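Listed next as structure tokens is one chain, alone, in the form predicted on its own.
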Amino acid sequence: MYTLSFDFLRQYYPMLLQGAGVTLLLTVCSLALGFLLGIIVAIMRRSSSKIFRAIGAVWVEVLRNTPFLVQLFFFYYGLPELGINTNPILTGIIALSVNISAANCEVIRSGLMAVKNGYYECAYALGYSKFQTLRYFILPISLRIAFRPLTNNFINLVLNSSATFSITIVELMGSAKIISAYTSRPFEIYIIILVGYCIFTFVLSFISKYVDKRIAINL
């Protein structure tokens, strides 16, 4: 009969912590870059230019209709062929950022569409340009509306980061795979990883609900 044993943690917990640190690095950098890309593509999709709208639509549709693992391999094996040499961590950040930008774009675009025309008219009446209106009025309002869905995207980003071990990044999942090979205790180590991801996502979801209530606005 199989007996659970977590004694190996005394020796290997530093490796798990190091992997968690790499996961944190990946997600924080990808969150910032993916958020910026999401805003840019959302603005393009709301542009009066047909070319910008078409580029934004293609960007979103391609990323939303292809598996993340395929996108990850595309950047990992494709960039060197184009003469762009990167390390695995940088490649992982690029792939995660590009992937989440499509989801962020749709959420932010929904927030932009929710802002009533009266806000635009008020800003123009006060003498603000289109760029100033977008920067000082429309984007702050739309991002407050989109906060909760953006948090859900961040949670998905954290979960997707586990796939980066397939390009030799030793993040949390990669650390678990190595420890499993050393200890022959795959069941125990993956229980720990499973519980760790669940706790993180539950805590983040709870915090996002609280913040969303504090910043909620009525249009």
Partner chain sequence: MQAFEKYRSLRLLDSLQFLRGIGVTLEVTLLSIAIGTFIGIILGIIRCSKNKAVSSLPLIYIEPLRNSPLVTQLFLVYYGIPMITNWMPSAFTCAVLTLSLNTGAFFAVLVNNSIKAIPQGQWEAGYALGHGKTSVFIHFIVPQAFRLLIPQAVTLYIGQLQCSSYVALISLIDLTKTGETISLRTMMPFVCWGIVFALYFIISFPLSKLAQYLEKKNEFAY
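For clarity, every value in this text was computed on a predicted model and none was experimentally measured. Positions refer to the first chain, counted from 1.
Beyond what is shown, the protein has a form predicted in complex with the partner chain; the following relates to that form.
A.B. asks: Taking 62, 78 and 177 together, does each of them reach the partner chain in the predicted bound form with some heavy atom inside 4.5 Å?
C.D. replies: Yes, the whole candidate spot contacts the partner chain.
A.B. asks: With a 4.5 Å heavy atom cut-off, would you call residue 202 a contact of the partner chain in the predicted bound form?
C.D. replies: Within the cut-off, so yes.
A.B. asks: In the predicted bound form, is there a heavy atom of the partner chain that lies within 4.5 Å of any heavy atom of residue 48, even though the partner is absent here?
C.D. replies: No.
A.B. asks: Flag residue 66 as yes or no: does it have a non-hydrogen atom within 4.5 angstroms of any non-hydrogen atom of the partner chain in the predicted bound form?
C.D. replies: Flag for residue 66 set to yes.
A.B. asks: State yes or no: in the predicted bound form, is some non-hydrogen atom of residue 73 no more than 4.5 angstroms from a non-hydrogen atom of the partner chain?
C.D. replies: Yes - in the predicted bound form, heavy atoms of residue 73 and the partner chain come within 4.5 Å of each other.
A.B. asks: In the predicted bound form, which of the listed residues (163, 150, 42, 26) lies with a heavy atom within 4.5 Å of the partner chain?
C.D. replies: After the contact test, the surviving option is 163.
A.B. asks: So which residues in 173-198, when you check the partner chain in the predicted bound form, have a heavy atom no farther than 4.5 Å from it?
C.D. replies: The stretch touches the partner through 173, 177, 184, 186, 187, 190, 191, 193, 194, 197, 198.
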